[in-house]
Ligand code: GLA
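Just the one chain here, laid out as structure tokens, in the form predicted on its own.
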Amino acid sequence: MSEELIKNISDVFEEKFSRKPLIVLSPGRINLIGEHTDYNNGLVFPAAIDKYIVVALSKSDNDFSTVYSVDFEEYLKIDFNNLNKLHKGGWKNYVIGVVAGILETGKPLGNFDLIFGGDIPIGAGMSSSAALENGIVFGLNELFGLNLTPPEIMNISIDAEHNFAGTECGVMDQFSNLHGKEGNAILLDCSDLSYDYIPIIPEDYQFLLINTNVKRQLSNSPYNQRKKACKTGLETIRKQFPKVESLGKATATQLNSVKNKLSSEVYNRCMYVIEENERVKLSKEALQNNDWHRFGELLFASHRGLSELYEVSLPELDFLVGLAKEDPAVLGARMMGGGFGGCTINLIEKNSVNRFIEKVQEEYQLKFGLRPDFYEINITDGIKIYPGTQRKNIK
């Protein structure tokens, strides 16, 4: 946790609004394996990480609410009676969306002043948007005593993502933000939200994220096209196997039995999801047996599916995974997140991290003219109020 980041956000708030705020620490997330399976009601394996969106807020006596982004240096004025999606609104649409969602519950939300900033890289696949959405809902829930439950908070954030940001995401990002647990990943079944904590203590290894710095926008992107292809495949499977509730519950045998009724594109998308779902199950077994080498093999296999069957990778991502595969100190690597940019996640021997970073930095920059960023991350707890700033301690 960056105490400097928290102090900076708090100081900016006091400078702008002349009072002490309630502060929310809203973490980003990694997904160990299980990509694009969440919106297919399959299995995912995320964990909250020590990169945060910090939200500072308090009640306001004005007849409007004020939101300020420290990183973008932009203001948003909110009138509860006029909550329209903004054309090219960026972060503002996430905020408007969650406020609209809270108001729809009928809860007694009042006007507020709020600022936010963080160290989750935007567009890197670490769910900065979910951290922002949940952070605002979580903070307003505490500030106004709304008594929203975790599922209600999650659904408000997801609806904002769908209806205001334009991204048809699944439940994984918001869920892992709310339920993260230090030293554990979450094996989540997205069909019914049942989950188990799986201890993740890689004593000799380090999770290293490498940001391609190829920025992506998931809304209005092929992301939504992939979701449509999966829906088409499921509908075809269900005509022959009506008891299959979701693609996350389908088998390769069932898919192959209707292969001649599908385009090659739809077939590949569906096969990737089915195989990835199986890789999540195998990953659980590997980690419970402390078999990090087997887990690494599954990471490489996941990337191959994402690149060749689901086709959400890019040359930059493939290049980084290729460098990882050539290095004996790297047990596994894959692209992480929605794709079309963002990060790779690498499992590497701790004593080789610095050497590998130097190698990747030089070769990647030479190949693409871009300077990658590197993040050694740790698994942490989910969203929480910063100690000492609870509602009872502020005016």
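On a predicted model such as this, the values are computed, not experimentally measured, just so you know. From 1 onward, residues are counted along the sequence shown.
The same protein also exists as the form predicted in complex with alpha-D-galactopyranose (GLA); that form is not shown, yet it is the one meant from here on.
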Although alpha-D-galactopyranose (GLA) is absent from this view, report whether Tyr223 comes within 4.5 Å of it in the predicted bound form, heavy atoms only.
yes
Decide whether Ile102 counts as a contact residue for alpha-D-galactopyranose (GLA) in the predicted bound form under a heavy atom distance cut-off of 4.5 Å.
no
Within 4.5 Å, heavy atoms only: does Gly341 come near alpha-D-galactopyranose (GLA) in the predicted bound form?
no
Does Arg29 make contact with alpha-D-galactopyranose (GLA) in the predicted bound form, using a 4.5 Å heavy atom cut-off?
yes
Consider the chain as shown here, without its partner, and state which of Cys169, Ile120, Leu323, Ala229 has a heavy atom within 4.5 Å of alpha-D-galactopyranose (GLA) in the predicted bound form.
Cys169
Within 4.5 Å of alpha-D-galactopyranose (GLA) in the predicted bound form, heavy atoms considered, which of Tyr39, Phe45, Tyr364, Phe356?
Tyr39
Counting only non-hydrogen atoms, the one stretch of 60-68, 31-39, 345-353, 45-53 within 4.5 angstroms of alpha-D-galactopyranose (GLA) in the predicted bound form is 31-39
